[in-house]
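In the block that follows, a single chain appears as structure tokens, in the form predicted alone.
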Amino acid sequence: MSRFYFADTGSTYALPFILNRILTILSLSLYYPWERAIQLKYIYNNIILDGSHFDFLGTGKEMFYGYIKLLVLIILFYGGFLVLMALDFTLYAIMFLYIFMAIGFIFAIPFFIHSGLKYRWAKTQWRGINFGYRGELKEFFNLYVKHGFFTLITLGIYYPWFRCQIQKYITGHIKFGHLHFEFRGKGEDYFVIYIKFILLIYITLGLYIFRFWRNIFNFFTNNTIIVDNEKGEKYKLTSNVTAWSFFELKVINFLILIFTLGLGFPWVLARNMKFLIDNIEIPDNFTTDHIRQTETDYNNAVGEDAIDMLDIGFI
């Protein structure tokens, strides 16, 4: 048995998924934080490292307050736009104010990412040892805005460097007890991956997307390192996942969702997690028996739901 794997097939989550989805719909989405908390507990409890499962300690109540704040912001953003239209402003005035509000919303994204990461990692535990995210909001905000601006003025060309800079900051501030992580991916390497995707996606009638996903997964995994300063050791994560395995995963997941009218989501979720976890290899010389506690709890869940709702993929 692998020392790092996902244990379930999705069957144990099927009934909770259906019940919680019904409650979320009946409550007009207000129950969503509790649904998400239950889903995260299911995911974490089935991730196994050296025979012990992870735990997610967050609660729906904690996440609810952050969720409401996010909903209020979204309602104000779109509601303000509708009010402007109803007041019969000129088109130019509406466009100007909409752009102004959009910029404000974009500036809020670093706050949501930072808060969500701080909460999510503080609520992640293994054998009673907490993870933690020690990034500073001011530092992260300045970094995000600076590189986001470069991405904007280059019409997206700078995005690979932006993505790597953000990933480097986030990964470098994640703690697992006394251990921490590093990300060594370079923007120019990520840029090559994107250029190949742009050049080949149409030529291959879209089939290159599976190789692209493979390249992205391997790039981020193979450039992530676990650092133990006390022992003076660094442990490099590795992945050799193939494009064909991505093809199988995505096609079968699609068929499951189509033929079950969405009720097969628990099995799709489990398949995705198993694919993700089982294809990340930890070096054999990395030992877990000496990891000691250094992190504390954190209860402010502002931003946790934004990571999902805004499809923010930084982990």
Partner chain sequence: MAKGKYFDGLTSSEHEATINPSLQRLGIIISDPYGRPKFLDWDLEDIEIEYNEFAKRVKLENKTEPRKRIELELSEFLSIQDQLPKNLRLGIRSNGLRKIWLFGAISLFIIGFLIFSYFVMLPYFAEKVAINFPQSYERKLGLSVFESMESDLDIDSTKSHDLQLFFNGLGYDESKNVQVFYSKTNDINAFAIPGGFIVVNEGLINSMNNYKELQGVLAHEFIHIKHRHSLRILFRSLSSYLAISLVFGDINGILAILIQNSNELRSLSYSRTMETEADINGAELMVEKGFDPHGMIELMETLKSHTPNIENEVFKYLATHPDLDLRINNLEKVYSNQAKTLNADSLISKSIFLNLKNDR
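Values in this document were obtained by computation on a predicted structure and should not be read as measured data. Residue numbers count along the first chain shown, from 1.
Unshown form predicted in complex with the partner chain; subsequent notes refer to it.
Contact between residue 46 and the partner chain in the predicted complex is found at the 4.5 Å heavy atom cutoff. At a distance threshold of 4.5 angstroms between non-hydrogen atoms, residue 293 is in contact with the partner chain in the predicted complex. Using a 4.5 Å cutoff between non-hydrogen atoms, residue 134 does not count as a contact of the partner chain in the predicted complex. The closest non-hydrogen atom of residue 258 lies beyond 4.5 Å of the partner chain in the predicted complex. With the partner omitted here, the residue from 277, 38, 70, 249 that has a non-hydrogen atom within 4.5 angstroms of the partner chain in the predicted complex is 38. 126 is the sole member of 194, 159, 183, 126 with a non-hydrogen atom within 4.5 Å of the partner chain in the predicted complex. Comment: 284-292 is the region of 60-68, 250-258, 284-292, 266-274 lying near the partner chain in the predicted complex, near meaning a non-hydrogen atom within 4.5 Å.
Three-residue candidate spot 18, 42 and 52; every residue lies within 4.5 angstroms of the partner chain in the predicted complex by at least one non-hydrogen atom.
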